[in-house]
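Only one chain is included here, represented as structure tokens and corresponding to the form predicted on its own.
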């Protein structure tokens, strides 16, 4: 397992990021701290220069672990389950653009907030809209050799696909080998009876892993038992990235990113 840091483009609308701003600075900071990769939250792939990203990757020896897409929902209300067909189709096209970017710079494409919400609608109808939309994107991504992951989100951020079980059911229904599960310790701490048991149960579709502590601070500053969680990840043979997605707490961007790296590295080294 290797460590990744979530960073973002300067038009980010989401606050649970250790670094938000110019990509080159974020990548430099991650490299200097010791991270193996960065996960980039990108609202609009069209504003990203893949050649520049690849040049920076080569220069710094960094990988791209994943591409976050949720800001398209936060900033533009693009949703895979929107009742407005135009918005739904725009969301699908936006994800296809993320897929194309991923094929050039690397990284999984994350389906998080762009799923939309249920609200006062029929949940089965929303699930069907989501399933159809994701299947279309997954089929497109397969042509590019790109993998997608769906992330369960806690009930305070979304009313749709809150648990690992709910999300796994959708993934199994779509049934494509380039579609998997992203688990996040912050969300799991709220929604799962046992983080470790959920990891074990869904080991076959787990493709990416986010970490933040119970208060969404850097790991080590809350009450989540990361030693037990990492022991479970080792036991199931998880070999993907561990991606730090926390608020810049405590102490600001650089300090929290360093604290997360030191804490997690120690566990990975058997400490």
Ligand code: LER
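Residue numbers count along the first chain shown, from 1. Note that the coordinates shown come from a computational prediction; the quantities given were computed from them, not determined experimentally.
The protein also exists as the form predicted in complex with the ligand; that form is not presented, and the subsequent description refers to it.
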Check, residue by residue, if 96, 142 and 149 all come within 4.5 Å of the ligand in the predicted complex, counting heavy atoms only. no
Since the chain is shown here on its own, which stretch among 118-126, 76-84, 161-169, 183-191 would lie within 4.5 Å of the ligand in the predicted complex, judged by heavy atoms? 183-191
Contact residue in the predicted complex, from 91, 137, 108, 113 (heavy atom within 4.5 Å of the ligand): 113
Among the candidates 216, 57, 31, 202, the residue which, in the predicted complex, approaches the ligand to within 4.5 Å (heavy atoms): 216
Are any of the heavy atoms in residue 157 no more than 4.5 Å from a heavy atom of the ligand in the predicted complex? yes
Give a yes/no on whether residue 210 approaches the ligand to within 4.5 Å in the predicted complex, heavy atoms considered. yes
Can you tell me if residue 179 lies within 4.5 angstroms of the ligand in the predicted complex, counting non-hydrogen atoms only? no
Are any of the heavy atoms in residue 153 no more than 4.5 Å from a heavy atom of the ligand in the predicted complex? yes
Residues from 236-251 in contact with the ligand (non-hydrogen atom within 4.5 Å) in the predicted complex: 245
